[in-house]
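So this first bit is one chain, no partners, the form predicted alone, shown in structure tokens.
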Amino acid sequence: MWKKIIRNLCALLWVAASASLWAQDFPSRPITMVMPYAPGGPGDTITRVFAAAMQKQLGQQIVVDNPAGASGSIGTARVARSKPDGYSLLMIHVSHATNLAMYKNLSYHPVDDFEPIGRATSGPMVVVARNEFPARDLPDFIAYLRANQAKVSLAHAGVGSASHLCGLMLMNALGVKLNEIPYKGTGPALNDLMGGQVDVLCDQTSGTVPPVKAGKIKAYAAAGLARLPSLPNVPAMNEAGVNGLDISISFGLYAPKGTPQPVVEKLTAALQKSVADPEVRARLDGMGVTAVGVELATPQALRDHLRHEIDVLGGLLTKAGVKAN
């Protein structure tokens, strides 16, 4: 019996030593970082910022891939099925939690099929509209939506996306039902908003602040309890006496379940150095997004945040009866 115990112990030590030695060589080839929404949107921009920063930390190329569609579940499923060796990563936001509520037969589980690496950003949302939208200010905007809800179009990046959740909360807060126009990502939705094809969008500051400052679209309200440092002249929705629109979106980095712990630790260390990088923080600040503190760029912090979003925001979709087509 003792011989068997010793053999098993030696085997475990060999596996641990092998994994550690293997991780010392990681990465030895390019890494793919999947952003499961269309290029040009806020998630894509954030992903490329971190891909470039982590590439410097790891000394290996990181390629961003955008397999968009089905509320991010297509690209997410691809990573879940990938070899758990650290060469296929997923950068994703709240849709990782909400897809569980929307898809009856989701091909992966957001908790069980992934190894969290760490949180990357936290960003507020803002309500914007096409430049020709007739409302002059926030009170006028609210009054116009309530009086013309049947003919106002609300763009979003797909069912369960951050912009969809924000749009739902906006309609609930105002007691209106707008005409929802889903896209395969915020990039195409924002392009149509700038082109005047749709009326309103509620989305992350990372995508909306630059065109607002460039005069390409109009901002009416911060979707939170306070004004945004990036748009100090734009009031918060509660300044107009409207409550119930308080949402912030966080991006996190994942690897497939079973990725060796030494590799997870190496990726987490690279992420932590990236969130603390002054250049990264400055780029994100320019988009109205905040890089999280190093203490939140950890597997446990991301795991806790994901479970919270499954409960709260997944619960919002379930209560609203929202299901993917």
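All residue numbers refer to positions in the sequence shown, first residue = 1. Nothing here was measured: the structure is a model prediction, and the numbers come from that model.
Just so you know, the form predicted together with D-malate exists too; it's not on screen, but the next bit is about it.
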Interface stretch in the predicted bound form with D-malate - options 262 to 270, 37 to 45, 279 to 287, 296 to 304, non-hydrogen atom within 4.5 Å: 37 to 45
Heavy atom within 4.5 Å of D-malate in the predicted bound form - the one residue of Q204, T121, T76, N99 that qualifies: Q204
Partner proximity in the predicted bound form: T208 to D-malate, non-hydrogen atom cutoff 4.5 Å: no
Touches D-malate in the predicted bound form: M91 (any heavy atom, 4.5 Å): no
M237, heavy atom within 4.5 angstroms of D-malate in the predicted bound form: no
4.5 Å heavy atom contact, G187 to D-malate in the predicted bound form: yes
Residues from 140 to 161 in contact with D-malate (non-hydrogen atom within 4.5 Å) in the predicted bound form: A157, S161
